[in-house]
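First comes one chain, alone, set out as structure tokens in the form predicted on its own.
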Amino acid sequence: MENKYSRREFLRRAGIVGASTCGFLLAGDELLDILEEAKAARQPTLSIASKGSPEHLVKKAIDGLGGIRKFVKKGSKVLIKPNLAWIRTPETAANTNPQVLAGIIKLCKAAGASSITVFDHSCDNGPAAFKASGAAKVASDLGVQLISGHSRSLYKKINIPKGKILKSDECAKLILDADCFINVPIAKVHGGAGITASLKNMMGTNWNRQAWHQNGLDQCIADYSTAVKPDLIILDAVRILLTRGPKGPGETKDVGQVIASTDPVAIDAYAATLLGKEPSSIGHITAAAAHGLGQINLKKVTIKKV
């Protein structure tokens, strides 16, 4: 008679055998717990917060990863990179929600950051985009620096040894000098790259964006991310842009989520699903996965709904 065990039953029996072999007592359920913990430790995590104000969602999402102090130590220099590319109001979902930005700044302050700087190399005029997006008011109200990356003197050459196309580039010095770099994209469609989320948002940290467009955008996005990596990613999916991205105005959808992760591929794969796209259909996500920058298969990601 053929014996067929469920996976859990198999592991339970294996635990009993293992305990006997090793000469100590380890219950099957204890072994299962250990194995599940080990599996969770290997897998990237998406902490998905919903139901609440944007600021509340930011805190819930980061708490799902262990809390802000896991990333921002007392005395840290923090650099926050939202998407403030366009002269658009928050209602259009073309830029990072200003309340999401405010929530992150307040948490960094509470964690004891010595300095907090918000930076973006906007596509439109920087100060005008900052004002329209609401970021300028947030920065002013909370007393943090908001810097536009429209001067080449703000950048420093970096080598990209793992790049297939990009072998070097110019990255914002503020990011290279920061103790903690927090990437804060908004989820939206993009006419050239399919979507823009964490990986694509990194374009606003380099000097010559046009070179990426001319030399293979998807691969350049992935190559750059092998050299410049955020410590924490907060994806704004409070309201997302479904059409006419990246600038809009277009059709929007109120998703009401903020997602935290340290895996740029996993969080972008999730963003793609919110935008109605298959992650494997987005060239820069597959290129980043091929570089080993993260997990594109969401079935292999730990999803924590908080």
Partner chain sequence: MTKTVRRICQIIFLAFFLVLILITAYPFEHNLATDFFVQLSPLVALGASIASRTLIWEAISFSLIIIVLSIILGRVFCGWICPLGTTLDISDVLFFQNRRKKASNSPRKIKYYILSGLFMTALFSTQAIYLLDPMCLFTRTVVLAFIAPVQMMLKWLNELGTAWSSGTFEPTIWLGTKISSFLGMRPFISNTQVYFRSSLIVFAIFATIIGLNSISRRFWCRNLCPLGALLGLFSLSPILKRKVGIKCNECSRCTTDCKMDAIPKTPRLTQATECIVCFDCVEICPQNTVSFGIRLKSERHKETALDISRRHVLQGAGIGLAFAALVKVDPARKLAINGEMPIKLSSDTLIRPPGSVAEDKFIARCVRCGMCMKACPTNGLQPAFHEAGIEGFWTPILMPRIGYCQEDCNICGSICPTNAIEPFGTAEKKHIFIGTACIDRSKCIAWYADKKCLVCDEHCSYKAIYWKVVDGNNRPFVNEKKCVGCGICEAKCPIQPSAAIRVFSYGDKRHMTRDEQKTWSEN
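Positions refer to the first chain, counted from 1. Since this is a predicted model, take the numbers as computed values, not measurements.
One more form of this protein should be noted, the form predicted in complex with its partner chain, which is absent from this view; the next part is about it.
In summary, the region of this chain contacting its partner chain in the predicted bound form, judged by heavy atoms within 4.5 Å and restricted to 178-186, 94-102, 228-236, 81-89, corresponds to 81-89. Among residues of the shown chain, K247 is one whose heavy atoms approach its partner chain to within 4.5 Å in the predicted bound form. Put simply, G192 is close to its partner chain in the predicted bound form: some heavy atom of it is within 4.5 Å. Among heavy atoms of P127, some come within 4.5 Å of its partner chain in the predicted bound form.
Using a 4.5 angstroms limit between non-hydrogen atoms, K131 touches its partner chain in the predicted bound form. For the marked spot (D120, G204 and A288), a heavy atom within 4.5 Å of its partner chain in the predicted bound form is absent from each of the three residues.
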